[in-house]
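Single chain ahead, by itself, as structure tokens, in the form predicted on its own.
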């Protein structure tokens, strides 16, 4: 199976009726309306979702940069005859991260798919996908997207870097799953000396969740906090930014130590939400800036 490729662009749609009219006036064909449900899973590499829509379902594995511009998406499609069974299996093994439900009007213009989307909780959007044939250097696809962007008046301030899943996650949709992952990690902590179990879970820039526990060592300085362990998991999976944090312990109120606050600040910013949890759930939420108001930062951190 070979990767398929698109050049994609996504933007807020200020006037869906005008966008539709402009596309049709410039020769786009109206292919009708699709009702789609995308279920995203916590894949250890890349991104993975199962799309259920009118008439069938497909498992989609893909990689795409988050950039507010036309960007390359490489993907693979697998037809799924029993989506409910596969969702249950993948949820049990990987975990569901978020679901996106949308009503999509599909238009075709030359080699470009135009998606006029009404997304639950997010409103109206327009998405362009120029499908690239095998061997293309992508110059034609970028040109098609640029031309259509001008036709549809997709200004810079409308274009976004994030996908729908990341936007919904940013609104708090993943918080309970993040807490659940921290709880599971806490239960698995290796703490034969202190018997103090801590779990930490992080959401990265792609919406993936990464969790880990504190790991002690008989040489006490070699022990590792849960937050540091979780950062290592995130980095090993290709993550570079932390967008949400949950830390859990069975104590009055768990807070990251000073060292871990600094570690977290390397990958997050002052507005990043931090949930301080007990076994029953969130006890207090604040920002990383509240926890560490004066984080140390080099002017240019090495890659």
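Positions refer to the first chain, counted from 1. Fair warning: this is a prediction, and the values are worked out from it, not measured in the lab.
What comes next is about the form predicted together with ligand THU, which is not displayed.
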Candidate stretches 55-63, 39-47, 232-240, 249-257, one within 4.5 Å of ligand THU in the predicted complex by heavy atom = 249-257
Wondering, does residue 127 line up within 4.5 Å of ligand THU in the predicted complex on heavy atoms?
-> no
Interface membership of residue 209, ligand THU in the predicted complex, 4.5 Å heavy atom rule = no
Look up in the predicted complex whether residue 182 has a non-hydrogen atom within 4.5 angstroms of ligand THU, and give yes or no.
-> no
Would residue 97 show up as a contact with ligand THU in the predicted complex if we use heavy atoms at 4.5 Å?
-> no
From the list 139, 171, 194, 222, which entry has a heavy atom within 4.5 Å of ligand THU in the predicted complex?
-> 194
Could you check which residue among 205, 91, 118, 216 gets a heavy atom within 4.5 Å of ligand THU in the predicted complex?
-> 216
In sequence order, which positions of 218-240 have a non-hydrogen atom within 4.5 Å of ligand THU in the predicted complex?
-> 225, 226, 227
